[in-house]
Ligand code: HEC
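This document opens with one chain alone, in structure tokens, the form predicted on its own.
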Amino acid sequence: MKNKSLDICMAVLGIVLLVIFGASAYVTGHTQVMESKKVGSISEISIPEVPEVTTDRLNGVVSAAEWESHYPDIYASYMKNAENTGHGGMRISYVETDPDIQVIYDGMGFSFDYTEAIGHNFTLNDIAETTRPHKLANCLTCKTPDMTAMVNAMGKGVYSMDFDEMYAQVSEPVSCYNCHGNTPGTMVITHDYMADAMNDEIAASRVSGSVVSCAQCHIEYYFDPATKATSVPYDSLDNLDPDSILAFYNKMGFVDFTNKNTGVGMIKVQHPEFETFMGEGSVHKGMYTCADCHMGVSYNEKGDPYANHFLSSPLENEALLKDTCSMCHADLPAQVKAIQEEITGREKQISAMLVEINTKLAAAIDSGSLSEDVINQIKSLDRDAQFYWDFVYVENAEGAHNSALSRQCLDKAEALAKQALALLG
């Protein structure tokens, strides 16, 4: 089972959505702290005036450490993410726990190197140590704010720079700038592709700034074949559903990798937490934000509230479970466990079908036992079935964010796989 800590990048100190690259900025007032200092959500925390901080760091990104003296409680909670190093310091290898991906992803790096996520403090270490190849700077898109600032200053050409050239210029892992720019207390869309995808009407009325901020990295994306720029396969909330995304990719003939065994041009879904959370069937969208569930409010020694930047599963937050989740859920941990066990079981069932398709399709191609038209039909079914399966498999909540959508995707994957197997005989 994949990582359930859901280390989602977020921070919300009153909702301020500043959209760069021509989009408009939106600000809504925050609620003043009650006299008792007890607050119900992060959006109720009173925000101190943002100090002026200058930096001599390359690319002008104010580092997390440079904000420490101004926000010591928040900084300490952010640094606590360094404790997230996997299970007892050992990271789960999905290549070992889910060996079907060695066949399903054959032709790309995830077939031999795919491990569970750890704390955001390690994003640069992570990409430096992986054995997956990375030729271009676009691999660093969600690993460091230093590159994001360069894209904002120099344009999309930064994405196609040499990886090693870019890596030599970065030093800050995911931190304050990713969600706030250099203006703590506001939510900022720092990633150009997210600004392109969210127009002003949608951003202002249908999704909160904190959700969009997290979505900048917890999203389905692709590298544009021509420019190599990180891009998203939709331009509004109205077409970020799996069906529309697949139609987008199929219309443009997009291929992430070609399976070595079958020659099928495949789509490799990334980590569509945003699309899943905002999708049809989501119970909590519009009610809660990413920060409400994965950050929460903490209190310092003086009893003052602050936005906790230690990113964790809501199942690990006893106060949240007691004060918020229990209003609707008698036993949320048990409910989530049941959903995740169900979804994981179906994933394994369908991945076995995808492996069977792969084996039989390769044999049919080698033997010439099926016509070219039938082979092409099976290839199309295989590509689409894997997409729907992957949309669930790589989404870190394992069904908990939107069990209805997860089931729908797996139903479609299974139906498509059965069609392919029927043609293979």
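All residue numbers are counted from 1 along the displayed sequence. Just so it is clear, the model here is predicted, and its values are computed rather than measured.
Unshown form predicted together with heme C; subsequent notes refer to it.
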property: Interface membership of residue 122, heme C in the predicted bound form, 4.5 Å heavy atom rule; result: yes
property: Heavy atom of residue 273 within 4.5 Å of heme C in the predicted bound form; result: yes
property: Contact label in the predicted bound form: residue 314 to heme C, heavy atom within 4.5 Å; result: yes
property: Partner proximity in the predicted bound form: residue 210 to heme C, non-hydrogen atom cutoff 4.5 Å; result: yes
property: 75, 117 and 335 all contacting heme C in the predicted bound form, non-hydrogen atom within 4.5 Å; result: yes
property: Heavy atom within 4.5 Å of heme C in the predicted bound form - residue from 156, 80, 206, 91; result: 91
property: Heavy atom within 4.5 Å of heme C in the predicted bound form - residue from 128, 283, 252, 352; result: 283
property: Segment that reaches heme C in the predicted bound form - one of 240 to 248, 253 to 261, 106 to 114, 142 to 150, heavy atoms within 4.5 Å; result: 142 to 150
property: Partner contacts in the predicted bound form for 158 to 193 (non-hydrogen atom within 4.5 angstroms of heme C); result: 174, 175, 176, 178, 179, 180, 184, 185, 187, 191
